[in-house]
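Starting off, we have a lone chain in the form predicted alone, written out as structure tokens.
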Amino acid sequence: MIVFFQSLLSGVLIGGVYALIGIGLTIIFGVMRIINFAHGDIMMIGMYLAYNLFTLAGVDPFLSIVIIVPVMFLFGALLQKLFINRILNALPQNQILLTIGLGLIMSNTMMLIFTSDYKILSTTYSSSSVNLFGISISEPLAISFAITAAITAALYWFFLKTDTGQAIRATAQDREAAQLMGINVKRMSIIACGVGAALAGTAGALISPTYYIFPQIGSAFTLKAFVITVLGGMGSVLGATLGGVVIGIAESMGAVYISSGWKDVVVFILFLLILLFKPSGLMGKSRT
């Protein structure tokens, strides 16, 4: 029974960080109806920022998010303004090709600067754990989960209580109606892309003490973010949160009870089963 609760808790902790990645992608999709296939590469840039801040300036990776959030917000806003905004009304395949191309530029740029060697961000607590009722809890994952929970709560407050947050939600629900109501939808798109990039960069910083850092790591997380977003319901922030936790638990359970090599297979089987019985995702609504 201890093994079950151990794997369940580990899944919830890593699932919280997955949720942060998925929320960023679903916000961008909700407002602009574009699937950002460069999302994992934006997260990878966040990992490298955390790594360099730690090795060059001694900034703790968890404290580095104070710097990474505004930097990645500006980066995301710039991407939207310079590239994504130009293909908002283009064919879906053109949008996909553009975001894939942007992701390739990011990963290859990082490879030119840092080479393809794996980097390890090793802190004094990277391998630390605490014991709670016989269950071992990874210290960096527990801190990451706590920070993720705080950011998610702040994000919900932003969307529910602020004028800008409500304008973004209105734009996500109906772009044309929001424009008719006087909302500057172009500005909301820039903010949404900035928020999505900031969340991805933050997730990268949070997992940097526990993952290898290399230029191609983004593609695996882009796929994971896509699965989380579709599983939770495209455009649903609550769904992405739930989807991230579900994926984390499925991965952890699959690794413990089947094999670590099969954990991704378990995730995709679960993903297909949920879509088979609820095609709009866990929290999504069918569009008519």
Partner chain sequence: MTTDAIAKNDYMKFVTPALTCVILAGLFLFPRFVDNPYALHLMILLFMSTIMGQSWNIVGGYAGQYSVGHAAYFGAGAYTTMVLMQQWHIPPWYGVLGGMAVALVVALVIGSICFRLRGPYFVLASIAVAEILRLSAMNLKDFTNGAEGILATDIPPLTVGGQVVTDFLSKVPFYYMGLLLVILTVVVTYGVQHSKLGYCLQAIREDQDAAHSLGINLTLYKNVALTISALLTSLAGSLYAVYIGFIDPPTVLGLDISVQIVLICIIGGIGTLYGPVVGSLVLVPLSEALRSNLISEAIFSTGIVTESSAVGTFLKENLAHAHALIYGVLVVIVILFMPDGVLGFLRKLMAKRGNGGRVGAPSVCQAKETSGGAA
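Residue numbers count along the first chain shown, from 1. None of these values were measured; they are calculated from a predicted model. What we label the rigid core is the largest C-alpha set whose atoms superpose within 1.5 Å from one form to the other.
If you look for the form predicted in complex with its partner chain, you will not find it shown, but the lines that follow are about it.
- Heavy atoms within 4.5 Å of its partner chain in the predicted bound form map, among the stretches 222-230, 53-61, 240-248, 66-74, onto 222-230 alone.
- In the predicted bound form, its partner chain stays beyond 4.5 Å of every heavy atom belonging to F158.
- Residue contact check for W262: one or more of its heavy atoms lie within 4.5 Å of its partner chain in the predicted bound form.
- Contact check for I113: a heavy atom falls within 4.5 Å of its partner chain in the predicted bound form.
- Interface membership of F83, defined by any non-hydrogen atom within 4.5 Å of its partner chain in the predicted bound form, is confirmed.
- When you look in the predicted bound form, the only residue of I105, A149, I143, A170 with a non-hydrogen atom within 4.5 Å of its partner chain is I105.
- Residues from 1-23 do not approach its partner chain in the predicted bound form: none has a non-hydrogen atom within 4.5 Å of it.
- After superposition on the rigid core, the Cα atom of L270 is displaced by 2 Å or more between this form and the one not shown.
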